[in-house]
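Given next, in structure tokens, is a single chain: the form predicted alone.
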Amino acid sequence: MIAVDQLGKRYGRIAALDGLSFEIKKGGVAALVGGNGAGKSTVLRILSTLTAPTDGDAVVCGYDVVQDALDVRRRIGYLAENTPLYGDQRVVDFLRFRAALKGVAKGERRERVQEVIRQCSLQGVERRRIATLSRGFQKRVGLADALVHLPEVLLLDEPMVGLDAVQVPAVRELIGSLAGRHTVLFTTHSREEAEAVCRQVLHLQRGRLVTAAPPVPRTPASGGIYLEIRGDHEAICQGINALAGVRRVETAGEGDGRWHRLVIRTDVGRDVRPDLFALAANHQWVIREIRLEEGDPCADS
């Protein structure tokens, strides 16, 4: 679905990318990880046809990003890091305008706009002008814009930047839930953040690929997965217990009435976090925190 071969990009004597090669299969979710200047945004700009490579090839959905730029644009959703939006428009009007611009059929626009409003948790602010929204909500509007035309590929540049501690898990959950229906490539500075969402992590340094191997699973074999989640407690426990690899679900404290605190014990070598994100998205449960508890002395051997 995304194939990059010996990709290079130079700005004068400066090499932003140097011989970069990787592939992301259809329906996969992958992350480009690296610090400032690593080349992450440059990769997305090339894949979205906003800039041309100096060397090498890049193919999206079977189309070359240079020779077939229009075909590529029809099949991608792109979220820039600075989230360019029309601040004077109301959220729902902006999304309807963008749906029309992206070729969504007139009879389907209302449904698509309502769907992405729900997906991106924009209920309650859809009638507000974008300029009056917080940076976190503006980021969600940008995500809704990227999704509104049901693109085959999503390119998300730092989608978690600007979000608060409550919003980050919700966006992680959303990105994880897109696996299968979309091919997703996003950028982040945090390897831990990348591993919480996907299994394919591409670590860049000075425009070169340091490693493209799947992250070594930090499994909860010696501990558990700690989870804070909001929803029907009984349904949540039943749903998690039904996941492949889950041995049992334990209560970790009493919670605060709305948020349930759980520890999930799994089979050795089994990481069920992607399945947890998908399960929560399907039932509209909200995850506030998820982390590995390693070395818990109470865990089974």
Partner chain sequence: MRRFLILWRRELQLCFLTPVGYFQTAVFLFLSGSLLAWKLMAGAFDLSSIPAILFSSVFFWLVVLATCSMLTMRLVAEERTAGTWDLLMTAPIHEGQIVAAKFMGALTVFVVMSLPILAVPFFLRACGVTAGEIDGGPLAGAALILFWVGAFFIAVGTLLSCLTRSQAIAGIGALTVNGVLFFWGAFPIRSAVFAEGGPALVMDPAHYVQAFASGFIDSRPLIVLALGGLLVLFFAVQAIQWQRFRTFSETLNLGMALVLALGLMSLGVILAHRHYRLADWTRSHRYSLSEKTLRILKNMTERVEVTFVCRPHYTVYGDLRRLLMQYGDHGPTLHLEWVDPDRDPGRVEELLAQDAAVRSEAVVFKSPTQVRTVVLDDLLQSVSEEGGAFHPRAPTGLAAEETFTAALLAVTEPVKPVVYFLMGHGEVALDDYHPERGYSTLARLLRSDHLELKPLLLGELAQIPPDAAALVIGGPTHRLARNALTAIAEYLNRSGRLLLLTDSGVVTGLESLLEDWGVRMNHDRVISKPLLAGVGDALAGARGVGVTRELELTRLGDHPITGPLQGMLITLYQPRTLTPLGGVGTDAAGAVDKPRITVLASAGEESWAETDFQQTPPNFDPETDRRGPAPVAVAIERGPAGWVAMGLQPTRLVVIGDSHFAANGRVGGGNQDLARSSLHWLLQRDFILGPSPRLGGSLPRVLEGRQRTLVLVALVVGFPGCALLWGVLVGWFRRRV
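Everything quoted here is computed from the prediction, not taken from an experiment. Residue numbers count along the first chain shown, from 1.
Missing here is the form predicted together with its partner chain; even so, the following discussion is about that form.
Colleague: Looking in the model of the complex, is its partner chain within 4.5 Å of a heavy atom from each of Tyr226, His233 and Arg261?
Modeller: Checking in the model of the complex: none of Tyr226, His233 and Arg261 is within 4.5 Å of its partner chain.
Colleague: For the chain shown here without its partner, which stretch in 175-183, 77-85, 191-199, 113-121 has non-hydrogen atoms within 4.5 angstroms of its partner chain in the model of the complex?
Modeller: Careful reading of the contacts points to 77-85.
Colleague: Hey, in the model of the complex, is Ala52 touching its partner chain, heavy atoms inside 4.5 Å?
Modeller: Contact with its partner chain, yes.
Colleague: Verify the contact flag for Leu276: yes if a non-hydrogen atom of it lies within 4.5 Å of a non-hydrogen atom of its partner chain in the model of the complex, no if not.
Modeller: Contact with its partner chain, no.
Colleague: With the partner left out here, check for me: in the model of the complex, does some heavy atom of Val66 sit within 4.5 Å of its partner chain?
Modeller: The answer is yes: Val66 has a heavy atom within 4.5 Å of its partner chain.
Colleague: Would you check, heavy atoms only and a 4.5 Å threshold, whether Leu101 touches its partner chain in the model of the complex?
Modeller: Result yes; Leu101 sits at the interface with its partner chain in the model of the complex.
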